[in-house]
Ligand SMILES: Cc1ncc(COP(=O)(O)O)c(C=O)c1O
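Have a look below at one chain only, the form predicted on its own, in structure tokens format.
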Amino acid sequence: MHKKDDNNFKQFITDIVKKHGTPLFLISGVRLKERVEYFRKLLPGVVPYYAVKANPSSDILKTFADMGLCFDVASENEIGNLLKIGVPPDNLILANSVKSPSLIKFAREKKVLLFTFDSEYELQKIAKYAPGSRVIARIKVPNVGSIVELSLKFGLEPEDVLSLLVRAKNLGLKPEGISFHVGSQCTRVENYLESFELTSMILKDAQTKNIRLKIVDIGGGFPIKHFSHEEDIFEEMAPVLNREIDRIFDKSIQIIGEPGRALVGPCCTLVMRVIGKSIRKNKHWYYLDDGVYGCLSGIIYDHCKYQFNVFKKGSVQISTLAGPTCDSFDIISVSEDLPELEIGDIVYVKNIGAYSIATATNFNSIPVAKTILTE
């Protein structure tokens, strides 16, 4: 889908819209496989655990499962869906740092026994409902410059980690490692490097208490391009990350990561059509058949900006794009440079695979965009 030249791509989109209507959420199977290989090439020493929350589409999960990927899960449904398609429970990490008792019990029943924690209360729950499980301490690390600062909600203060690793051992659990997350869409490599150093110190401190940790989970946050003019920052960051991982961590430590956006973001395209048009204060408004309550929900929940593309040619003017619901909050963008569009014209967004359809709703009982797996 993404490898076609402009004319072929236009014909491809026109044909698929004619067949299926809009809105459409197109997933490229070829691109999914390419992104996994790309990640493995850039970070060969990091075992990827796909963050299912980024996009739980069954087509995506099946593709990744067939490639032998491991998975970062956060709910009963995510666990159940993966087990149904044959993913071994040992290939899952329950990386939600705050879990309900029912979720912990469900995971144990399904033999998913690797959990993260970031408080003593969580350790007590795990010990009660999944005794003997393996646990990884999630620590708070710098999220400077990241689009979503996950350390606002999660993570132990580094000075509290050692005592809780000891506490985990005393509760009959098996301390396995340290995890962190530098924040979503992280473009500052220093966040990772500072986290590596901090984690290394904790590993050494743990050894003094006869706790030998085996895993370092470097989380996700690996950035992607959303606009055609942007550089691939992840490709620039990777050599630095590899060098520092090799320098700081012993070869006996397994390094894992939780890429979500990095694997699925560039693999999907949202295709919409103009369903309404007006002029307000001498400015064109175009109403699309998807919006911020649908697959463009990443604008709200992921603080994401997208590149809106059209096939129409001509002089451009600043225009507003709005969604199809009856809520005035459903305004997509107020400053898009677009040629004059007509009702029925196609508007599409690439690189929208992550935190889009996953957070879409059916507000106003408007169905979520139809998902189609393409080549």
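These numbers were taken from a predicted model, which means no experiment stands behind them. Numbers follow the displayed sequence, beginning with 1.
Keep in mind that the form predicted in complex with this ligand is missing from the display, and what follows is about it.
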- [ ] Give a yes/no on whether Ala51 approaches this ligand to within 4.5 Å in the model of the complex, heavy atoms considered.
- [x] yes
Task: Contact label in the model of the complex: Gly220 to this ligand, heavy atom within 4.5 Å - done: yes
- [ ] Please check if Gln185 has a heavy atom lying within 4.5 Å of any heavy atom of this ligand in the model of the complex.
- [x] yes
Open item on the list: Although the partner isn't part of this model, could you tell me whether Ala130 comes within 4.5 Å of this ligand in the model of the complex, counting any heavy atom of the residue?
Closed with: no
Task: Residue (of Pro266, Gly260, Gly294, Pro175) lying close to this ligand in the model of the complex, criterion heavy atoms within 4.5 Å - done: Gly260
Task: Heavy atom within 4.5 Å of this ligand in the model of the complex - the one residue of Ala95, Met272, Leu165, Ile126 that qualifies - done: Ala95
TODO: May I ask whether Arg35, Phe308 and Lys350 each come within 4.5 Å of this ligand in the model of the complex, counting any non-hydrogen atom?
DONE: no
Open item on the list: Please identify, from 233 to 241, 177 to 185, 246 to 254, 84 to 92, the stretch that has a heavy atom within 4.5 Å of this ligand in the model of the complex.
Closed with: 177 to 185
Open item on the list: If you apply a 4.5 angstroms heavy atom cut-off, which residues in 342 to 361 are near this ligand in the model of the complex?
Closed with: Tyr355
